[in-house]
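Just one chain follows, in the form predicted on its own, and it is written as structure tokens.
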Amino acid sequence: MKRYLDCNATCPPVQAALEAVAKAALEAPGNPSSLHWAGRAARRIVDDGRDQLAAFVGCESGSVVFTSGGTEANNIAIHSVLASLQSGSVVCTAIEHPAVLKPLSQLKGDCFEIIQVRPNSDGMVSAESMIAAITDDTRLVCMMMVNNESGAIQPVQEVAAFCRARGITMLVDAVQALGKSSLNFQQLDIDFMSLSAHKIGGPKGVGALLVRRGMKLHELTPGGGQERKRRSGTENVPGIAGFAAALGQIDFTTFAPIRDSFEQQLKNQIPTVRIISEQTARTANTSLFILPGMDGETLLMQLDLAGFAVASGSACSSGKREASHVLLAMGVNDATARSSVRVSFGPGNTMDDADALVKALVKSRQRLRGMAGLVTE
């Protein structure tokens, strides 16, 4: 039996999104920039999707710029702020997604200083430490709302208020927060926010960047001037339709009892397990844990053979043997960080999945310890 437990990487598409994608593809085949009836039909879908997303996240429709996903949205925001500047500093958390850390690292050098603020041992970056790192030379602050690996919710509101009072530009990566935590772009009063559809049961390959009125964007790929000359390229009409249809379809809070039962059983069966961010606020579907002495990637392969789809670190870093940068930033050593596994529950998961996964983890761990010549517990 196959059990999918990796919804933070990609959430299985909800039926409403699948139907919306198919309908848009069949009934609105035109280019949304074309003036004929087929183009106008496609344009209506894009505009309606923009309105629906804006209403869901509390912003003006004109603030929504559709992208290919969260990675592109983050890159557009970062380059828009820094492309025209000659120097300054950028303050970000050390647990940001690579879609933020990598473009910043490319800009690091004589011109820009990149200051990474580390989290505490629970995986939360305090507002006080972020604010302390901000100086008169700071040009951009980047802070994710929810960490993709641990699920830890970050104190974005306090940092945002500090930045707004001082006129400092702020980007919030809310890819893992959409649908799982309260979002209101206008109340947060920030400059940029990135979102992605496939984290909430929408299609892959579509996302959005929310832009505060008056902020100018630097096009990464200049072209036909779509999205009000802010992001060229023909809009993904079926994807946008599916994105809009997926909004609010999944109540991620309902997975808390499954997650909590899983963690309690795991602690009962393997007392040495360490649950990351257990003592701080986190999203209800996410469990990141460490099994000391185990290689997370080897354990993941064992679970895969048993029919379980879980993660070791971030899905966007798959194929690498590197330890989780999130855990390393929390002070976990390299060997221990490699012993981590992330489980993220979603649609279709039940208590039976949690029970079965605990049994599979215990069995796989015993097998691997036996192969290593270690005494099984």
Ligand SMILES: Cc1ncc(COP(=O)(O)O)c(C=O)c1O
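Just count from 1 along the sequence shown to find any residue number. These figures come from a predicted structure and were not determined experimentally.
Here the subject shifts to the form predicted in complex with this ligand, a form of this protein not shown in this document.
Interface residue among 99, 300, 153, 160, judged by heavy atoms within 4.5 Å of this ligand in the model of the complex: 99. Think of it this way: in the model of the complex, this ligand has a heavy atom of just one of 193, 125, 144, 276 within 4.5 Å, and the residue is 144. Only one of 241-249, 133-141, 71-79, 183-191 places residue heavy atoms within 4.5 angstroms of this ligand in the model of the complex, namely 71-79.
This ligand is not shown here, but in the model of the complex it comes within 4.5 Å of a heavy atom of residue 176. Shown alone here, residue 148 lies within 4.5 Å of this ligand in the model of the complex, counting heavy atoms only. Taking the partner from elsewhere, residue 282 is found to have every heavy atom lying beyond 4.5 Å of this ligand in the model of the complex. Using a 4.5 angstroms limit between non-hydrogen atoms, residue 198 touches this ligand in the model of the complex.
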